[in-house]
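Quick setup: one chain, the form predicted on its own, written in structure tokens, and binding and motion questions come after.
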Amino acid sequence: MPDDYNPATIADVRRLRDTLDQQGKKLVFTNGCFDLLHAGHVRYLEQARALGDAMVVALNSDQSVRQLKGPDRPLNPEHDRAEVMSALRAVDAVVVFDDERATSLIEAIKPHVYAKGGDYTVESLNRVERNALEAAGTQICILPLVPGRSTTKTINKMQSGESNHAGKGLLRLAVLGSGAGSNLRAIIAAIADNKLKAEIAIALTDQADSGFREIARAAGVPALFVDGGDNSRRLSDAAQKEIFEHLERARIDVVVLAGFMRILKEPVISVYADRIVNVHPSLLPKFKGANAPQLAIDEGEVETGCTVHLVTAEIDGGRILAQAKVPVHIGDTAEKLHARIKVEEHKLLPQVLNEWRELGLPVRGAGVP
């Protein structure tokens, strides 16, 4: 850190808050990475500052940014980001924190007002941070976005005209999973064997300690955890937003659901229409939803299989791209049957991805944002 600049400490900010409180004034608090400052940030911070009498910006450290956004971020180191932020007329103090979330700062500082940009709603705020704000009695204010101004848009504009595929025609994938990660392993193996012309840009999981995440890390793939919320089948608004932001930052061509157990909704479903693919353990349209192998056994089927299909708002209802059949044996359990289905999944999913363009399916570019 340069000798002529040092960020504030938590104690400094708490003293500022208490002084303002004694004077009947308000401290405004916001947090973020701010790793490529642009006009949208400046205007947002001016609006936030107008909500009170002083404003503190909590800045994610380099370590924190990498945990949230992957190893390619931040674009600028924390001491540079902090110094630039502190020079803005709207900012009274900057404090740097190492956690993924600003929860501990909120609990320690107890700001009067919390400001966040209009790409959030109160419901889509991180639930732990929101609980801390509510416990502190903090007023939450969502401010409007500045149209066309965002870090992701700025980075994408800088990269326009460049090939993200280094001239190799590689399909840029994001793989989402919740479990052991066997389909992820199959995709990685197919890429290594030159059977799949693709690269995995990012792996996302709603299970912090999953085998899926360990497989991604072992392969050198950025593997990020997204807290999906309390419902094991549905993603919270905050998680939906976080996943979308990860996909946009990574400039993804195709989103692959490989044993991902929660339902994707907006904005991912619309923005990535016809670019989300799932592998399901049945011959759709039979046996949609969970427990498909057991349902096939219960119905006395003599064969079942797996289906690779596009993902839409209708669960397991999108266009079928390919299927593979698997016999149901007498005395099969769901576990035995599912294990044989997975063998076919591991062949079928990489095959479909390798034929993506031949199937007439879209990728980023050529009219796709």
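In this text the structure is predicted, and so the values were computed from the model without any measurement. Counting begins at 1, following the sequence as shown.
Note that the form predicted together with a small molecule isn't included here; everything after this is about it.
For L143, no non-hydrogen atom is located within 4.5 Å of the small molecule in the model of the complex, even though that partner is not displayed.
At least one heavy atom of A180 is located within 4.5 Å of the small molecule in the model of the complex.
In the model of the complex, at least one heavy atom of K342 sits within 4.5 Å of the small molecule. The closest heavy atom approach of H338 to the small molecule in the model of the complex falls within 4.5 Å.
The partner is absent here, but in the model of the complex a heavy atom of A258, alone among A258, L204, A239, I109, sits within 4.5 Å of the small molecule. Screening R275, R213, H280, K116 for any heavy atom within 4.5 Å of the small molecule in the model of the complex leaves a single hit, H280. Heavy atoms within 4.5 Å of the small molecule in the model of the complex are found in exactly one of 132-140, 81-89, 182-190, 222-230, that being 182-190.
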